[in-house]
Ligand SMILES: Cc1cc2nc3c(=O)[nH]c(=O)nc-3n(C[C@H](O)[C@H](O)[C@H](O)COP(=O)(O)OP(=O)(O)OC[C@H]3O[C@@H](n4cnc5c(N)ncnc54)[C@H](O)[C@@H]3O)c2cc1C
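Next up: just one chain, as structure tokens, the form predicted on its own.
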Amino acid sequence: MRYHFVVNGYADDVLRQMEEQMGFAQKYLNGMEQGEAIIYCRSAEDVQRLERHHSKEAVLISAREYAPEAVLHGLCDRIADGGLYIFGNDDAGTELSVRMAARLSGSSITEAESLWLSEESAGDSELINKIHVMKMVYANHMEAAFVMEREPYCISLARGAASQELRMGSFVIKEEISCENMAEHIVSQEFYPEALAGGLDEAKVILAAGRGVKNKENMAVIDKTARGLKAEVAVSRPAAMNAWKPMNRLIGVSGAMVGPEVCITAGVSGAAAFYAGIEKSKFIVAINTDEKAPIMKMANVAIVDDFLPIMEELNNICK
């Protein structure tokens, strides 16, 4: 069986997605044959400008503007022999992996964490391939295993997958499929990109607030302290759901996966889904009134106290 990367060449973070695809393949797909990458993009020039690759050869599905229907048309026309197709973890990858599998009567899993291949007897010495995929379910409280039985196998990756440095150089483009006429119904469109992580991905210091901050007014204290520390502000899911900060400040498996030099948490309990987002931090400081909160055991320094006096002292130090 061969596997193929499906790459969103329209995305601003295309290199990061490619790094995660390559890391996933190196970790879980040893022994499988790699096929060409399939890149949906505006033009071959956009692909060459990347100056990085994770497959020797690539097939391009090109259109001036991104339109899911046009990309699906190109994908479904190109795929004839099944195999495994690995999409990125953005919205486009999630949508296209499911829709492509449905159109081709295959199997799909979104937000895949890990994967392995098995062979089972189908009688008369015939062996059939089955792909097993692990992913988080029930609001990330449980890990579940799924079996994919019908080709093509289409998966999109979970956020925060292990990444691998890309190879220098450009893809060798073996074929370009123009889908420009499939997007003729689009008269005009304009994208307004949101700040996907609010600076969290590259932040060296992060100050993360949780339910224990109590209300939106107290977030002003967090903001003030963050400015003094030159830190980015982040929140846990309860704080985000209470609209204390926008969703692009959410940390965890359904938000940003970060690895700052220092992460300070205030009023965060430390649920598994949140901790997965900060576990790559080099140093973690936890502030919580509950000494038995899970985050206290995970932190390098644990402070049992209300967060307000701690923030006040930090503000005094930063003056």
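Residue numbers here begin at 1 and follow the sequence given. Take the two forms, superpose them, and find the largest set of C-alpha atoms that agree within 1.5 Å; that set is the rigid core. Computed from a predicted model, the values in this text were never measured in an experiment.
Missing here is the form predicted in complex with this ligand; even so, the following discussion is about that form.
Looking at residue 12, you'd find every heavy atom of it more than 4.5 angstroms from this ligand in the model of the complex. Taking the partner from elsewhere, residue 268 is found to have a heavy atom lying within 4.5 Å of this ligand in the model of the complex. Of the heavy atoms in residue 46, none are within 4.5 Å of this ligand in the model of the complex.
The shortest heavy atom separation between residue 210 and this ligand in the model of the complex is within 4.5 Å. Within 4.5 Å of this ligand in the model of the complex, a heavy atom is found for every one of 254, 287 and 293.
Interface residue among 250, 263, 60, 70, judged by heavy atoms within 4.5 Å of this ligand in the model of the complex: 250. Interface residue among 132, 224, 167, 214 relative to this ligand in the model of the complex, by the heavy atom within 4.5 Å criterion: 214. Judged by heavy atoms within 4.5 Å of this ligand in the model of the complex, the contact stretch among the candidates 107 to 115, 236 to 244, 150 to 158, 170 to 178 is 236 to 244. Superposition on the rigid core between the shown form and the other one places the CA atom of residue 40 less than 2 Å from its counterpart. With the core held fixed between the shown form and the other one, residue 219 has its Cα displaced by at least 2 Å.
Superposition on the rigid core between the shown form and the other one places the CA atom of residue 15 less than 2 Å from its counterpart. In the model of the complex, the separation between the C-alpha atoms of residue 242 and residue 95 shrinks by 3 Å or more relative to the displayed form.
In summary, the C-alpha positions of residue 13 and residue 236 diverge in the model of the complex, ending up at least 3 angstroms farther from each other than in this conformation.
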